[in-house]
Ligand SMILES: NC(=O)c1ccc[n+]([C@@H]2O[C@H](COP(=O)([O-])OP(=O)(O)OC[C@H]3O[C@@H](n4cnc5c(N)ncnc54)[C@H](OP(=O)(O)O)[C@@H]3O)[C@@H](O)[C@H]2O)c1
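Coming up is one lone chain in structure tokens, specifically the form predicted on its own.
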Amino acid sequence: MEKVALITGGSRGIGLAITNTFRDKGYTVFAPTRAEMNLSDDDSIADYCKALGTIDVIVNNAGINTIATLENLQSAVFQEMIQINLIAPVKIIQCLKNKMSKTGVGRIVNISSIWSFVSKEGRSGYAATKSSVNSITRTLALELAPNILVNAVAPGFVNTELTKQNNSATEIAKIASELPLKRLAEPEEIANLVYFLASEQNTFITGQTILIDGGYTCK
């Protein structure tokens, strides 16, 4: 039977690469737009998930990274990051876990970040939410075992349009020079790791947050 995956934030960058990878592997993929499932609204999440049938894979990829130093971190901005990056993935899992159990086996992959392991100025809100994603991943791996495996992937610097928007060509070249592998990751490389963790090839990895950062956090 054809397998079904729900992928949030699947319209661009890493999310688009993940969506394309799963479709290429024969999955039916649901990648809702904001109009279809508004991650800022728990009722919208519940309504969308309720309409889905049996599900095999959840990839919680959607997220926001608003850079703000402590004195500029407004409560509303912090709360928005908490909602999108943390509460929405938990709500999705709550709504769909029973539908996953019907398949006998399920896979959940949460997209975290290197900033959950290391940090820099202006990342306090984002780092806090992604660190919480790692923690929740470990807890849900215990709660949903043995039939549902739950893992997280923490990408480093990736060659996406967003990276190019936020950094000049000179800045990107400098970032790449500081990585042990001397280049940024391609979105497809992140997608391949996500696919492995979400596939039947993964039979014994659960509760882990796996860094894919070209060695950045080893320095």
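The structure displayed is predicted, hence computed values, not measured ones. From 1 onward, residues are counted along the sequence shown.
The same protein also has a form predicted in complex with this ligand, omitted here; what follows describes it.
Picking from 107-115, 68-76, 144-152, 91-99 the stretch near this ligand in the model of the complex, with a 4.5 Å limit on heavy atoms, gives 107-115.
Within 4.5 Å of this ligand in the model of the complex, a heavy atom is found for not a single one of T21, I172 and A191.
In the model of the complex, this ligand stays beyond 4.5 Å of every heavy atom belonging to V57. This ligand is not drawn, but in the model of the complex it has a heavy atom within 4.5 Å of G13. In the model of the complex, this ligand lies within 4.5 Å of some heavy atom of I64.
Using a 4.5 angstroms threshold between heavy atoms, Y48 stays clear of this ligand in the model of the complex.
Interface residues of 34-69, taken as those with a heavy atom within 4.5 Å of this ligand in the model of the complex (partner not displayed): R34, M37, N38, L39, S40, N61, A62, G63, I64, in sequence order.
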